[in-house]
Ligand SMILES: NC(=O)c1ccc[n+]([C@@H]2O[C@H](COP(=O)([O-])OP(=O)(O)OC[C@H]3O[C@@H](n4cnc5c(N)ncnc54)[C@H](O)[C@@H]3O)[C@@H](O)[C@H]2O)c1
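Take a look at this one chain, the form predicted alone, written out in structure tokens.
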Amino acid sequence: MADHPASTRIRTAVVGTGGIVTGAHLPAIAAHLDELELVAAVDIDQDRLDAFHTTATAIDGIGPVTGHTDLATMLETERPQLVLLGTPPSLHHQQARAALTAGAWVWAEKPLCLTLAEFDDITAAEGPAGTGPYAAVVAQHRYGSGTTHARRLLTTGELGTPRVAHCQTTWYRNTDYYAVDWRGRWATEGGGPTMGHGIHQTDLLLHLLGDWTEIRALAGRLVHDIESEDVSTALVRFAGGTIATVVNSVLSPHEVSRIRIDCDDATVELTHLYGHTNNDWTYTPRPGIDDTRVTNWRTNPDDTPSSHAAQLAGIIHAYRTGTRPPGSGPDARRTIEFNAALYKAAFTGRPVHAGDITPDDPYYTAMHGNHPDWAPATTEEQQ
């Protein structure tokens, strides 16, 4: 991108200064200092805020970063143009709305919000089409040259028609993980591995295959004493006819993130854990395929790993051009709707179709849909 003088760089602020911001957002900002000026950070913990300031200002090109313990004060005094949210999921809804109302674009960690109702409320606070501000969600697995290459091959039909797919997020989390009070709770995390872990791979599957039309699902609390599920599985039909399985788990000692798509002419597979490079993608041709086609599938002229920095480049471009950024609007809503439908299908035992969950549906305002076996117990019920 073009190098901009300090006066025209995008005034950027981070909200939350914990591990995800320090470990992922800060390096992404540092990779784009020709475009971004980090002006402020917000955290209710002053010690954590001070530690972030020390870490950030040690990076060449990042000057003094003003610390705030209150978001509203930061928005009023610093007037950021881009706000990065790295706070717990339950805070994203109101923080995103506040930033949008102040005129700032938003890029939030997953999930952007906890329900379809919250998503629609966030987008209602966005600016007019063609100008913004807009709110986007971190979906870094979509970015990187491996994904770009695979999506092009799939959407152009080079691999043949996609027939069967598998999406797997099988990770392991112990009881110490759920000792953090906001985890495993509907009101603060929005769900279990379906929302908090598998959402990245699910989003990538939708990015590669397009619109889903029908979901049948199961979910269970098999090990952990939490409100939400610790495992879910789904059968999914896509608009193009592809039938897929989706598995989300925090009970799996052998941790892996995987997508496999079987097309008429080849199987494309991605196997990784938290991020991928070109080497994590494989293409297996069916018998009889010309070697030249196989070579083209396996040859990627670019070599960019998936990362926050890769997606942030797209956010910056959208800001500069006044266009809706990747991972926002209907594109991002499709993933939230998918998860709401998965929960509804699992808890009701009935198939759910795209568009079924309307504002009068209980699964529109809560992922548990107030189902008696899954909704959190009231104070009266606990006594």
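These figures come from a predicted structure and were not determined experimentally. The first residue of the shown sequence is 1; numbering continues from there.
Keep in mind that the form predicted together with the named molecule is missing from the display, and what follows is about it.
Asker: Can all three of Gly18, Gln140 and Arg183 be found with a heavy atom no more than 4.5 Å from the named molecule in the model of the complex?
Answerer: All of them do, each having a heavy atom within 4.5 Å of the partner.
Asker: May I ask you to state whether Asp265 is within 4.5 Å of the named molecule in the model of the complex, using heavy atom distances?
Answerer: No - in the model of the complex, heavy atoms of Asp265 and the named molecule never come within 4.5 Å of each other.
Asker: Should Asp45 be classed as touching the named molecule in the model of the complex when contacts are defined as heavy atoms within 4.5 Å?
Answerer: The answer is yes: Asp45 has a heavy atom within 4.5 Å of the named molecule.
Asker: Find out whether any non-hydrogen atom of Thr242 is located within 4.5 angstroms of the named molecule in the model of the complex, and reply yes or no.
Answerer: So Thr242 does not count as contacting the named molecule.
Asker: Using the partner position in the model of the complex, report whether Pro285 sits within 4.5 Å of the named molecule, counting heavy atoms only.
Answerer: Heavy-atom contact with the named molecule at 4.5 Å: absent for Pro285.
Asker: Which of Thr147, Ser257, Thr87, Thr123 has a heavy atom within 4.5 Å of the named molecule in the model of the complex?
Answerer: Residue within 4.5 Å of the partner: Thr87.
Asker: Heavy atom within 4.5 Å of the named molecule in the model of the complex: which of Gln95, Thr170, Thr115, Gln201?
Answerer: None of the other options qualify; the answer is Gln95.
Asker: Going by heavy atoms within 4.5 Å, which of 160-168, 72-80, 298-306, 104-112 lines up against the named molecule in the model of the complex?
Answerer: Result for this chain: 104-112.
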